[in-house]
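First, one chain by itself in structure tokens, the form predicted on its own.
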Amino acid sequence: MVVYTDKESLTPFILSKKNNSKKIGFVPTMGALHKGHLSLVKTALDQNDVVVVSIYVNPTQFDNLKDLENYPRIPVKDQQFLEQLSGDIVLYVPDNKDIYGRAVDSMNFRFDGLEHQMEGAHRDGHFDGVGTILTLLFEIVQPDMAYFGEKDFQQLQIVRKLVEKNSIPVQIIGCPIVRENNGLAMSSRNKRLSKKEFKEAAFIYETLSEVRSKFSSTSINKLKLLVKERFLHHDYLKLEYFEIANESTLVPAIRKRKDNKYRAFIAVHCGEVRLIDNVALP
């Protein structure tokens, strides 16, 4: 596996592949890789000639400095983790200067309202940071296809809107959530959970599964009250938000409409770790 730490070195490699009509897949990550990331890379390898995996903890998408400082960084283990896969994989591990130059600042974006819901309402400037880093990475990597997990479903919709509004020539592929044995959605943040917290966090998916099973027969308002009640007296988990929203617009729903697709979204604090998850609803 070839590792590049700057775009000046990566660019000739990208151009050589482009000149030979090779398809380039791209999996952008912030490291602390897990089986969910591995599934994205495997899918990308199946559909492309070469796959670029980036590892970069992007400061502009964090609204909490402590969260940024505590984000797990294990680059050597990440490289070893990727090396278990066969195929043409390239690792790009830039620093702030290589990505942003002198000033680490966000651009401003409008995503037709997608940015104001859920994560956007609770994390100031988050999606400006996401839009900025992906715009820069797409310019550097020039991928044909880019792969994102559905755990961050709102981000996935934001990325699709980013590509559409800015006519970026990349196909965005959403991939299913990969879960731990206890149902918890795989996340780099899970590494920060204690054994007890990890066990208790399974309650998040248990609650979402209950919502999914009752969605057809229960009103949205009653489901929201049910979830609030479930977390009200939990010793380890604190509910930040729960929403049932239109899958396309991400606007929270008040009542169910026949031709709409819905998804349940949740954010929960487990100790000092913030966890998100979602499920499609029937």
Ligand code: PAF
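Values in this document were obtained by computation on a predicted structure and should not be read as measured data. For every residue, the number given is its place in the sequence shown, counted from 1.
Only in words, not in the display: the form predicted together with pantoate (PAF), which the text now covers.
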With pantoate (PAF) left out of view, choose which of Ile133, Val90, Ile168, Ile140 has a non-hydrogen atom within 4.5 angstroms of it in the predicted bound form. Ile133
Checked Glu200, Asp78, Glu180, Asp152 for heavy atoms within 4.5 Å of pantoate (PAF) in the predicted bound form; positive is Asp152
Exactly one stretch in 214 to 222, 23 to 31, 41 to 49, 250 to 258 has heavy atoms within 4.5 Å of pantoate (PAF) in the predicted bound form; which is it? 23 to 31
I'd like to know whether Phe111 contacts pantoate (PAF) in the predicted bound form, with contact meaning heavy atoms within 4.5 angstroms. no
Go through 9 to 25 residue by residue and record those having a heavy atom within 4.5 Å of pantoate (PAF) in the predicted bound form; state none if no residue qualifies. none
